[in-house]
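The chain below stands alone, shown as structure tokens; this is the form predicted alone.
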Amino acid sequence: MSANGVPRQVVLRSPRERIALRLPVRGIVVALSLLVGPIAVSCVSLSTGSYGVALDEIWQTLRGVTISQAIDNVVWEFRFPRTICAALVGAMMALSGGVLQNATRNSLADPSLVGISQGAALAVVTLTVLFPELNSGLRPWIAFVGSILVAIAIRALSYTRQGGSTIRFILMGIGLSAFISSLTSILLTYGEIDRAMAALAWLAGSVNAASWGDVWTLGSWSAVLFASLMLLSRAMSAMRFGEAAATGLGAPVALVRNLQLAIAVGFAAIATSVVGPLGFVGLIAPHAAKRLAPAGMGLHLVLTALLGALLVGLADLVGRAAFAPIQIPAGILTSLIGVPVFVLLLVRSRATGSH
């Protein structure tokens, strides 16, 4: 904090000064600190398990040195893709929640709360139980279609003559989420037992079966969606002040809101299609990012992604190592953490009268 009470900032300028970014020093420090978190969790995760591998052996293996075939298999075939998948899924779910909260201007919005994750889950369970012969590579697309249909349904149901209502959006989402979960339960109950069991294991939200193919799917989609989000971040900043102010600042409000919803759905759908539903990551990470370092929209999204990666990476590590040989899916741990946080936020929003 500077002497006049304004947070200290640094200005980054591109060559010829066509682009300039004004970033708070505290936000940069927090971002760099958070970057250490997922890296540290990844190191511990790579070395921890039923087959213990020392950190220096991990480092040598990642550099391409073969210490033993067993260590090569453990690191490259199992633990490394699993660790990267956990980080990418956490970042994607966190960004989905952050974007959804900005689009609806409701701090309780979360893809697993308003039915978007459930829409993806229903689509994937339908594919698994009813059409197992179809190519599993279609799963991200099927999940995206399921999520976007749910998002459109919620938008349509929550729309009134006075326009869209954020609280109606949340309530319709919760109701539709319960309905979709019922349909998923019907499929699991009456589907063939082996297919239903496969779908049930996936619904727990685990990254234990992650492969390099999953890493490629998550990495390519997250790169495209995150780049789109950065291009939209300037207009999203204007939306923080409300639709009237954003319109006054020249932002195309309806277009920006719809693009935000599409990107939020994309993040949640692709992440869910790979590892199953992960509850409350999109709720916790954006709130924690705000409290750690108030920042502009671009830096806030970066902090949110790093926190999501750290949260899911930590949940996967704890679920895998703390109760070994029993493995608890990361989705169960994130829900156990997220429910008390959700109740706390709900109580605080009632006390302040905010949504």
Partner chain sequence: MKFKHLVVALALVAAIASPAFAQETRSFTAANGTFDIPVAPQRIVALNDQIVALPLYELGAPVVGSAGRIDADGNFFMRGGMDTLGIDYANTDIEYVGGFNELDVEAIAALQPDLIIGGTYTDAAVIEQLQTIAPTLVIDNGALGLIETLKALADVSGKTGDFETRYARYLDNVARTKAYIGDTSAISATMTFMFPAGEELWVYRTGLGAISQLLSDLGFAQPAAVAALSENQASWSAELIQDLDADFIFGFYRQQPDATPEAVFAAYETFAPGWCQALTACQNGQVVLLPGPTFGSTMTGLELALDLVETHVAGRSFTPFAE
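Residue numbers count along the first chain shown, from 1. Given the structure is predicted, the values throughout are model-derived calculations rather than measurements. Between two forms, the rigid core is the largest collection of C-alphas that superpose within 1.5 Å.
We do not show the form predicted together with its partner chain, though everything after this point is about it.
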property: Arg195, heavy atom within 4.5 angstroms of its partner chain in the model of the complex; result: yes
property: Contact flag, Tyr51 vs its partner chain in the model of the complex, heavy atom cut 4.5 Å; result: yes
property: 4.5 angstroms heavy atom contact with its partner chain in the model of the complex for Phe78; result: yes
property: Contact flag, Leu149 vs its partner chain in the model of the complex, heavy atom cut 4.5 Å; result: no
property: Whether Trp141, Ser182 and Arg234 all lie within 4.5 angstroms of its partner chain in the model of the complex by heavy atom; result: no
property: Partner-facing stretch of 320-328, 24-32, 304-312, 55-63, counted where any non-hydrogen atom is within 4.5 angstroms of its partner chain in the model of the complex; result: 320-328
property: Heavy atom within 4.5 Å of its partner chain in the model of the complex - the one residue of Asn106, Ser158, Thr217, Ser206 that qualifies; result: Ser206
property: The single option of Leu176, Val74, Leu261, Ile84 touching its partner chain in the model of the complex, heavy atom within 4.5 Å; result: Val74
property: Rigid-core frame, C-alpha of Ile67, shift of 2 angstroms or more between this form and the one not shown; result: yes
